[in-house]
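Take a look at the structure tokens below, where one protein chain is shown in two forms, each on its own, as structure 1 and structure 2.
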Structure 1
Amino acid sequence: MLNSPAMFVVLALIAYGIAYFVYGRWYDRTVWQPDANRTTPAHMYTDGVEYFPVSRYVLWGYQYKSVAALGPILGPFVALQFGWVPALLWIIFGNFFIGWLQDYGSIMLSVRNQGRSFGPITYEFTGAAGRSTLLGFILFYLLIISATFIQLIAVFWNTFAGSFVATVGIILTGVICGQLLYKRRMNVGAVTLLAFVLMILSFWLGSTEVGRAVRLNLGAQGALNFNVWVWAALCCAILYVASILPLPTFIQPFNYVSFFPAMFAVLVILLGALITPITGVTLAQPGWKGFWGPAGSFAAGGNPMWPVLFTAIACGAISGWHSLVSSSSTAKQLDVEPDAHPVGAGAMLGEGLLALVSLASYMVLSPERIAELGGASVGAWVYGATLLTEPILGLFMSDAAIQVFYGTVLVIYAITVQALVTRFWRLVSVEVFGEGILAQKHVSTFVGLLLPWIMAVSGSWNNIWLFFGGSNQLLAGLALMLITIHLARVKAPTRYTLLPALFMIVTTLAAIAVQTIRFLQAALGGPAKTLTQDPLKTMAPTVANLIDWASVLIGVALFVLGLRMAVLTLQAYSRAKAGMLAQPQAAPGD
């Protein structure tokens, strides 16, 4: 049993159970003390667009699918450079002591401040300088996610034939269910049952010869892959519609129905990992590869486990993206305050399970097998998941259908979150540009998709993606500081969020510094050592080298912005402890 993933998965499940039922409930009673009689923003400002109360069960599915993306799937693969033991420990303890505290705290912070997002809350705590710094940081952060996710969604559709047809079927399922739920006022159970039927049909259609025939054959010319260009453009068209429509029309029901296949994939892989002593699937990866990984030193190209491990696995342990979703969207749909714990903490621990099963999928593939698959995390995840679950799903699905299912699940994890990212870009643009043309709904959405599309198809996305882990986790540290400031001003205990906040800020600033040094080395080495990907790497190496230099400047800017924001929030925390910050305003109706 020690030579299989089963025991380690069981240990993680026990730890998550203690985090939710013991530590979580004690923290809930000790710090936030939710009140079911306090009016939430969903009832204060009901408009059917952003503010509307939602059942805790529907909101749990929405929250999970809004925070769970590709981070917990791809992050553990990157962390394998140190061995699977450090990755497993961070997935368990990061979520236990930091991750769910941030998600839950972000919801409560917004709810206790009349549904306001981080922009106005930061202004209240740190002034105009802090607000401008944070919003600028968030805009760049959203651009990083968009460029990467649009590129990956295009690659998934191009790699796994049939996944595009299945994705479109699930999108239509979400739109239909949204109309039935919010226009026809049908029972949520009946609508969910209908969603199951329509989604099964979507996966079936995608796995048929007809569904698999829907693919592009535009071919490639050298380093240019026109298929990916077109798939990326189709993805942008879907995201544009999702961004401009009201939440109950597209994103909210789409994310809700997407939860089911996404969670089914987690549960079936989890079951496959638990029965590995029976199926005979064994561990094939080393548990420990050293502090510097296989390279052995920084000079030889190795990365230090601290801070890199803690930024490589972001979502699944802790993620700044979650704080944006929780404060800008979920908090506006919360029916009663006690729902925040199952929705915020429960969904975060659920995403920890996704990271756990993803790590298990990689643990059963040998380094040689991963090399045969091209060394790519995407292929490794699908084949590792198939290896674990073939004894279960193989009873009623072909291998080709299983791969269509997992390929579509990858798309679902990416596109549901990217729809929210595009929408948040539009909302943040309003706060940054005010009445300017760039704040106009259609213009800001178009710009927010055009820039990532250019980065995705040119290969420059890889440069900014390398900063994603650091900036995402830095945002998490800053969110924890905002939560801590609020708790300090209402005289609640702060040590449970302050210490994680300081750890994340120091770690992520160090990670950004390490990555900036790597870009500087590449830039000084000339076009031959560029970190930019094709087509620019092959067709325009000089331009690629210039992008490396630009990445150095971006890294410096991110470091300075993060450091400045950290200082401003620490100063605000000191003022809050001294009683110099105003108390939150009472909500209408309380």
Structure 2
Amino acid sequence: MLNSPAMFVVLALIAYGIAYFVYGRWYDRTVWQPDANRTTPAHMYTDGVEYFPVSRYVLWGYQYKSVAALGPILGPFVALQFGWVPALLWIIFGNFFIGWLQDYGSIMLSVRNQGRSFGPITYEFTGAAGRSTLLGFILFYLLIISATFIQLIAVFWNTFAGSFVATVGIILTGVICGQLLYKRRMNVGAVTLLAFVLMILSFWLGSTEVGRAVRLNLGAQGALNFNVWVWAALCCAILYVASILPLPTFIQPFNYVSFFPAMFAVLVILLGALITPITGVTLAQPGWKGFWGPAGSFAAGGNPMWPVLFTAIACGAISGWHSLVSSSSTAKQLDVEPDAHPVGAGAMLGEGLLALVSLASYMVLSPERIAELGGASVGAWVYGATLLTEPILGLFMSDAAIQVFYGTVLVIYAITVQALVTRFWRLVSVEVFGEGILAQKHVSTFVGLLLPWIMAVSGSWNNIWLFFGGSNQLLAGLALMLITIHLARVKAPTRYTLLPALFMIVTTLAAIAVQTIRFLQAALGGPAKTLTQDPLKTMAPTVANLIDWASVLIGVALFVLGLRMAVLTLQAYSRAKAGMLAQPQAAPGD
């Protein structure tokens, strides 16, 4: 029992229970003091479209699905370079003291500010400079998310033969179901049933010899690997179509049908982890690998545990994306203020659980086994999940079919979010570039995919991942600062969010700086030191060097914009503490 993943999954469940029922309720009473009788924006501005009250159960499901993506699945793998103990502690304590506070606080902040999202709130607290800086930061943030996810999708398709066929099958299922739902107006239940059948067929087709034969052999993994280039280009083409077509034609129905296998995978892995004392699957990873990881020092290529661990595991412990989702839509549909706790805190702690089961999937694979996987180590989750759930799924599926299933699930988690990110890039482009050509629908989408594709084909996914984690967590720190400013304005206790905010801002800026220095070393060192992988490294060293320099520039931009945002929010906090940023009061006689 002590040597099985079930032990720490149970421990984490207990810790999250304490976070929710004890610390959470105490914090609620002490700080926000939600009032069921206070009118929420959902009632105040009811229009049946954006603002309307929704059951807390519906909203919990919506919030969870909106925030759960690839972050909690792959982050623990990157953090495994320090051993599983630090990763486990960060997932538990990061979520306990910081993660859920941010999600819950973001909802309450928006609810207490007429349901406004973070753009207007930032404008009110920090002025036009703050909002412009946030806009610029989000632009780079979206670029980094896109580069990371596009590359990972390409690697998954390349690694797990059959997953591309299954993904295409599920996309077609989504498109067909969309047509049946919106054009033919068929019953949702019947369409869902048809979707199940078509998806099972897709997975089956992917696991057959025919499906597995659909693969590229343009170069061996690691040497002259053109495969990932082509897969990434295919991925961009799909994302382009998804972004250009109306939502009900592609993204909506695709997200709907892909929800079922994605959730099934999480539940079955959780079950597999909990029954490990029966199935006999044990921990195979060392708990501690050192502050600098296996490399031993920075000079030898190792990353320092602080700050890298705290940015490697993003969404499972804390994530800035959640604050955008919370204030963008969830807060507008909150029925009563006390619902914010189960919705915000509950969904975040639920995502922590997703990170834990992902960590469990890595922990049951020995370092030797992961080394055997070589360049495919990013897909170790699939092999670990297969090991954990083989006693359950093996009753009716072969190991190869299980791997196709999990490989496709990884792609689904990435592509559903990435399709929305690509669309969001378009909207931000309009905001940034105004009437210019770069704001044009097709041009902005093309640019929004071309730039990430160039970064993706550099092959340096784990370095890009740390940029992604850094910017994502920094956004979370900034969200916590906005929450703190509001609390200071209304003279509520601020230390419970101020300290996490400062910790996250300092840590993430340091992480971005570390990664930027890493890219700078590579850029200055020329082809011998480049972080860009083959084939560019060998065939076009100048291009590889240029990509290193581009990464340096992106790192500097993220750092400067993040620092400026941090300074602006800290200044606003000082003003709020001094009573100079008080809430507008009604004029006498009103």
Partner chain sequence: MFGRKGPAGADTGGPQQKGGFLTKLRGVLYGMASHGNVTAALRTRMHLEHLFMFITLGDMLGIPVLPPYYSLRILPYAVPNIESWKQRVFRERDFTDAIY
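Residue numbering: structure 1 sequence, from 1. On a predicted model such as this, the values are computed, not experimentally measured, just so you know. Basically, rigid core = biggest C-alpha set you can superpose within 1.5 Å across the two forms.
Between structures 1 and 2, only structure 2 derives from the form predicted together with the partner chain.
V421: CA moves 2 Å or more between the two structures after rigid-core fitting.
Remark: with the core as the superposition reference, the CA shift of F125 between the two structures stays below 2 Å.
After superposing the rigid core, the C-alpha of S297 moves by less than 2 Å between the two structures.
Here L245 exhibits a Cα shift of 8.9 Å between the two structures, evaluated on the superposed rigid core.
Aligning the rigid core leaves the CA of N462 displaced by 7.2 Å between the two structures.
Structural comparison between the two structures after rigid-core fitting shows the C-alpha of G407 displaced 3.2 Å.
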